[in-house]
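Quick heads-up: it's one chain on its own, the form predicted on its own, in structure tokens.
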């Protein structure tokens, strides 16, 4: 009897033992850095300070400075605009391309494979290509500039507001294939009998999309919109490599402000406070999404 009980106890503990390495990794790689960042944001820690200098606890002083910092408020505004535009254009382009390649036509497999190319390119290679394209002197954009109704002589990556527009465009080009592939997989699950019934009833392409396709893929599109917002909030490499946050901080998002504050101005505590503020915003957006989807699922039942 004791052996049977001990074997049952060991079996009941087995799932927890198997999950223990994942829990430990999540703590050390995710939870611990967040806790450390929150703690540092409540101190006056600086990089490159004297060895004997003691780090003091200052409470919410850094957060109070954040609320009165015009640079932070401008960076937060730019980040939110950048994230929203990424949701609109990246997910929108992904939806349009997914609907296009979901149709049957010759060479569809090759087009689908080609569609993933921007997502597969490394960030550095993509940035080098676009820096060359957007160069007013010898890039492709130089030929187009003379035909534009507005002045772009300052350069697309070195003048405002074209630098911000360029960053959004490059980010959209880089990320929309991922959303397109996910939406395309969701389109495969749209019931064919509903589409055929809608066609028999005389529904056109727009009506079929609005009444059949969109309700079927809405959860996927909403989830991708949330992911696009979060990905844009933490985007660093594309913006840093193209503009570095310039000109005059016109493309300095929160992530770049964290980097510049920590490694250019050596204010580690203030940069941690900026990072925590960005974390709060993303958690608030994610929580709102989960709350709204939970209510809609309850209403559907």
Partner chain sequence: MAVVRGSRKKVFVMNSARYIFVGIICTLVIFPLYWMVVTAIQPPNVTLQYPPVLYPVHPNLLGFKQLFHGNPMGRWLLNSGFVASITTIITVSFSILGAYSISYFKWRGRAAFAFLLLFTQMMPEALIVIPIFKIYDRLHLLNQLPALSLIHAAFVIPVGVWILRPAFESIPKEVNEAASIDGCTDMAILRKIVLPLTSPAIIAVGVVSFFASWGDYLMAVTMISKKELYPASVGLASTMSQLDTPIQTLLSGALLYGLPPVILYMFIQRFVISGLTAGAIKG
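Bear in mind that the values here come from a model prediction, so they are computed numbers and not experimental data. Whichever C-alpha set is largest while still superposing within 1.5 Å between the two forms counts as the rigid core. Positions refer to the first chain, counted from 1.
Below: the form predicted together with its partner chain, not depicted.
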{"query": "Its partner chain: the contacting residue among 160, 152, 100, 199 in the predicted bound form [heavy atom, 4.5 Å]", "finding": "100"}
{"query": "is_contact(residue 47, its partner chain) in the predicted bound form, heavy atom dist at most 4.5 Å", "finding": "yes"}
{"query": "Partner proximity in the predicted bound form: residue 166 to its partner chain, non-hydrogen atom cutoff 4.5 Å", "finding": "no"}
{"query": "is_contact(residue 210, its partner chain) in the predicted bound form, heavy atom dist at most 4.5 Å", "finding": "no"}
{"query": "4.5 angstroms heavy atom contact with its partner chain in the predicted bound form for residue 225", "finding": "no"}
{"query": "Stretch in contact in the predicted bound form with its partner chain, which is absent here, among 191-199, 68-76, 81-89, 111-119 (heavy atoms within 4.5 Å)", "finding": "111-119"}
{"query": "Interface residues of 228-257 toward its partner chain, as seen in the predicted bound form [heavy atoms, 4.5 Å]", "finding": "230, 233, 234, 236, 237, 240, 241, 255"}
{"query": "Threshold 2 Å Cα movement between this form and the one not shown for residue 70, core superposed", "finding": "no"}
{"query": "Rigid core fit then residue 247 CA moved by 2 Å or more between this form and the one not shown", "finding": "no"}
{"query": "Shift of residue 236 between this form and the one not shown at or above 2 Å (CA, core fit)", "finding": "no"}
